[in-house]
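Heads up, the chain below is alone and in the form predicted on its own; it's given as structure tokens.
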């Protein structure tokens, strides 16, 4: 049975005081919550990572970064290398988020480079894929997803499914309040798993955790998690509130 991942992507939000208060509260929540199946991941802004690791030390709370550079070091002002993340014992890192693709023009090839850097340092990549509203309305969802997967995993003839998670995030559902129906989400998740089975094998495909992202919240997470190929959520706005985040963790435990 695959774990259930409740992963929060905070984007560019919260002050340092708000960050600290959230994690102190999450640590307190975890003193009475003990699950071997639920994986809690939160990805705060870069500048809070060190303090966050300090607050959560000795707990099962996993800390992730929101992005990384494909470069090891050098004159790349404002970039953060995977080695720097490793130095802070960061466990996860998001790559290929639609906002990185849209605003920073990141390509599937670049995402592959970042994934391989993370893999080499033992950091699990959360690889994001998903279609825009125009692409869905043009019935291109599956072709877009396939193109992204082919680009990211191009040339990778063997695969270790413990080194990455896939996050399916329909762009039209991110921060809009719109959510793909469980049936729509399951259909795409099943397509993704089938793609890995065809390209690699069934064992690899069955071992890959595929998260859904796109306006996930306490009111819909139970229904989403009831789908056989949905293994958790990559959650934006609803992960910023401690009560909301811990409620989703508790709901996931009941699944």
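Quick caveat, the model's predicted, so the values are computed rather than measured. Residue numbers count along the first chain shown, from 1.
Another form, the form predicted together with a small molecule, is not on view; read the next lines as being about it.
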- Task: Find the only residue in 68, 211, 216, 43 having a heavy atom within 4.5 Å of the small molecule in the predicted bound form.
- Result: 216
- Of 174, 90, 145, 185, which residue is found within 4.5 angstroms of the small molecule in the predicted bound form when only non-hydrogen atoms are counted? 174
- Indicate whether the small molecule has at least one heavy atom within 4.5 Å of a heavy atom of residue 11 in the predicted bound form. yes
- Query: Does residue 25 reach the small molecule in the predicted bound form if we count a contact as any heavy atom within 4.5 Å?
  - Reply: no
- Any idea which of 165 to 173, 79 to 87, 114 to 122, 100 to 108 reaches within 4.5 Å of the small molecule in the predicted bound form, heavy atoms considered? 165 to 173
